[in-house]
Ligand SMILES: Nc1ncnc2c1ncn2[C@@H]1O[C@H](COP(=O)(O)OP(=O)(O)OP(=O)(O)O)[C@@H](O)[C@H]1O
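Coming up is one lone chain in structure tokens, specifically the form predicted alone.
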């Protein structure tokens, strides 16, 4: 088969602690790694630092493909299911605009809005006669424009801007053994994202304002060391003291409590649908003991996961231990790279 360069998209995750780039080639349903890069951004650095990190990646990797997929998350992004009485097609947009403006935490007039009318079925697969359900997505124009503007300034062409957890859920549903009801937990530096879907149907998405940086801060305070040194300690698990263990345990308990409440809410909203498996990814997902603590608290299997697991890596071109080490960090970038312009 001839691989189509036109359809390929570079996956670019412009996070709060690093910029990650993944480029894949595709042959049918198989993916091959073409480029992978990560450049850290210092704690507290500005958006200019992110731009410099992107420039470093583009220069060092000699990126030829210009079409880019990226995504947004956090408090300036909202994903909601809006439920209305049965509406005529011409009534939907106005209803979505009004109701959406009531349920998001920012001004809808300063947001990009998209929506999709859902199949009128309830959780048991029965027709939801007499109502119109809509998946509503809104993102702050400032958040989106900054990313797309940065890409254009760097000579790239933004073709797709998604929501982190929706992109990761799409990638998870491509896995061959994914269960009927699956959750993805992405533990990033600034926040943790949760996404749940049943049979690929209406997703539940929530961003928690607790991420890897919260763990690093308590390690820094417990050991009396700079943030950068505490970050290394967090990643390696070395030099942990009883004080460090307790500080990390306290933050983990808070995070797991929020995850548990989110799962309970999902079950309530989905009429008792229980998550069968949780897929854990993100740069802070490998924090010592975190996976087992989440699994014990939720009572469901929790597995480390990254879309990179489905990507073939040429060992003659890439250092496999390095790719494996970066795999949880670049999960979102890899999921973005799996999209195409025709998607």
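Numbering follows the first chain given and starts at 1. Values in this document were obtained by computation on a predicted structure and should not be read as measured data.
What comes next is about the form predicted together with the named molecule, which is not displayed.
You can rule out all but one of 194-202, 166-174, 258-266, 230-238: in the predicted bound form, only 230-238 has residues with a heavy atom within 4.5 Å of the named molecule.
Contact annotation: residue 190 falls within 4.5 Å of the named molecule in the predicted bound form, judged by heavy atom distances. Proximity of residue 283 to the named molecule in the predicted bound form: non-hydrogen atoms within 4.5 Å are present. Mapping the unseen interface onto this chain, residue 213 counts among the residues with a heavy atom inside 4.5 Å of the named molecule in the predicted bound form.
The named molecule in the predicted bound form comes within 4.5 Å of no heavy atom belonging to residue 278. For the three marked residues, 17, 20 and 287, a heavy atom of each sits within 4.5 Å of the named molecule in the predicted bound form.
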